[in-house]
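Each of the two blocks below gives one form of the same protein chain as structure tokens; they are labelled structure 1 and structure 2.
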Structure 1
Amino acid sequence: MNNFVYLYEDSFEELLYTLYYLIQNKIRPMNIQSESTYVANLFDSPFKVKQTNFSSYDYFIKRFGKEIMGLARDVYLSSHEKKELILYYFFVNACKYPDTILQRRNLKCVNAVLNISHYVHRETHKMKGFLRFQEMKNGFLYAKIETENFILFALAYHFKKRMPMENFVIQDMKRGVYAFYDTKNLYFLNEDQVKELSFDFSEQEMYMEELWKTFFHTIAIPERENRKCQRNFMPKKYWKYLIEMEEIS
């Protein structure tokens, strides 16, 4: 017997519409996946819900409120492979217990949503401190990230608020998406849209990097080196794009 796989275009709004359709029609799905990650096989019956002009986001936020929708968006941006099904059961139960859903930690879906949201926020907080900008010849500041969760949006808005007068580009190496800010507007672009952008570093940047590395190594005390302790405060997975850790990583 074939299994229905409910597909949606890779956006939060499209996922919400699919969840709305399933809940309204009392369908209990075995699998929900985005079209970009779905790999077809002989045993699946892919099905895509036909979209209408109905705003599922407005419906969900009016019914469940900003806090629950914020948690749901965190889950959507996470790398959890079962995030769609987790959100389906979370909203099914939110319909049953609209006022107490977040207190029902005994439900696996609620527990999963809260834990995933915490994980996404924790990674975002760490990257705000670990992200390193480098000056390019065209005056833009450039930074690379390679994160578990899709936190580029949160980081871009954070640095837009923190550095409103700086032009910057943040590249998500894992997903091929760029956050581009020109002191007026913030854009999210794919690789094809930034082909003409130069990523050559300025001479001043190269000079400052060498100064920073020299400072970093000079203040270090070799006799007190403790890599295990260092990894506790700054996990090794974040070293790849840290200027001061290039030689070590």
Structure 2
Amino acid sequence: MNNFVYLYEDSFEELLYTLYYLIQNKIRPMNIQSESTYVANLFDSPFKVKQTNFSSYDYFIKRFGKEIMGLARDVYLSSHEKKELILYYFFVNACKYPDTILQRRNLKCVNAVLNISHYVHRETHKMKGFLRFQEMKNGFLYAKIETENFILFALAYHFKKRMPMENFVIQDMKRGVYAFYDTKNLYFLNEDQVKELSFDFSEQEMYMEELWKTFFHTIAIPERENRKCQRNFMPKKYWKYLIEMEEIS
């Protein structure tokens, strides 16, 4: 038992390295946190594992395989408060039961990893539908998102595949990260790497939004109105950038 808080620079690779270090040295951590979210206090002592040239990701993927590492990445991208500790216990058990770890749903950490991953995928799937692009003067498309989990990568790749000939920008409002696509490559940039973007809507934009809203309201059958069911499938937290829900919210 100790009151160390293990800190890692906010990247998946760094987190894996910290976990590797802890497991190798048989340390049972009480707390692991990313540097960017950690707030110092009197009672605990922050500790950062020294970086080396060791590629922890390669090591992990060789040892545990793609499926397990895919799940671990989902957990890393989630907003779960205890995600680092969950991953720590998950990998400790994966060392013990390398072949059957994913069937061991009676272990809290395994169950947590599977559920969190499921949740991240579900949100990604929902946002593939709920994201709204607006067309700007020079023809490029711009969308803002506010999601529980960090799913910008998955979304950007989805739209790259779907609309390879379009220029688009997706801005993750919560995390200050942008995805840019210029019909060839995808770039991910932080706020401080982006000059202030000024946007003007294209001439068509307001008209198209109006047509969409018209369609949205016309397609509902009044005799079957069911707002509760609507909210179940499309929770209010996603309404902010949904053009058709603006007036209602």
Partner chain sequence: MELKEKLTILADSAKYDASCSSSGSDRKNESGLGNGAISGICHSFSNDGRCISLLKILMTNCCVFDCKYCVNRKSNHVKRAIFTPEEICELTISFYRRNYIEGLFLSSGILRNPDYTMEKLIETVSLLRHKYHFSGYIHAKAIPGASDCLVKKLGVLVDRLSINTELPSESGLKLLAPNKQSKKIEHTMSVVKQNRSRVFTPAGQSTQMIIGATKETDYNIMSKSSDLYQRYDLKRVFYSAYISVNKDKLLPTLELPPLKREHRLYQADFLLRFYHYQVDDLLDREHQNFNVLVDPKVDWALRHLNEFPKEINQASYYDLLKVPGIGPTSAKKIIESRKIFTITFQDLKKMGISLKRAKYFILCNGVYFASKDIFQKDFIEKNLVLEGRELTSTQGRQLSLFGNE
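Numbering for residues begins at 1 and runs along the sequence of structure 1. So that the term is clear: the rigid core is the largest set of C-alpha atoms that superpose within 1.5 Å between two forms. Remember, predicted model here, so these are calculated numbers, not experimental data.
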Exercise. Any idea which of the pair is the form predicted on its own?
Worked result: 1
Problem set entry | Rigid core superposed: residue 214 CA moves 2 Å or more between structures 1 and 2 | yes
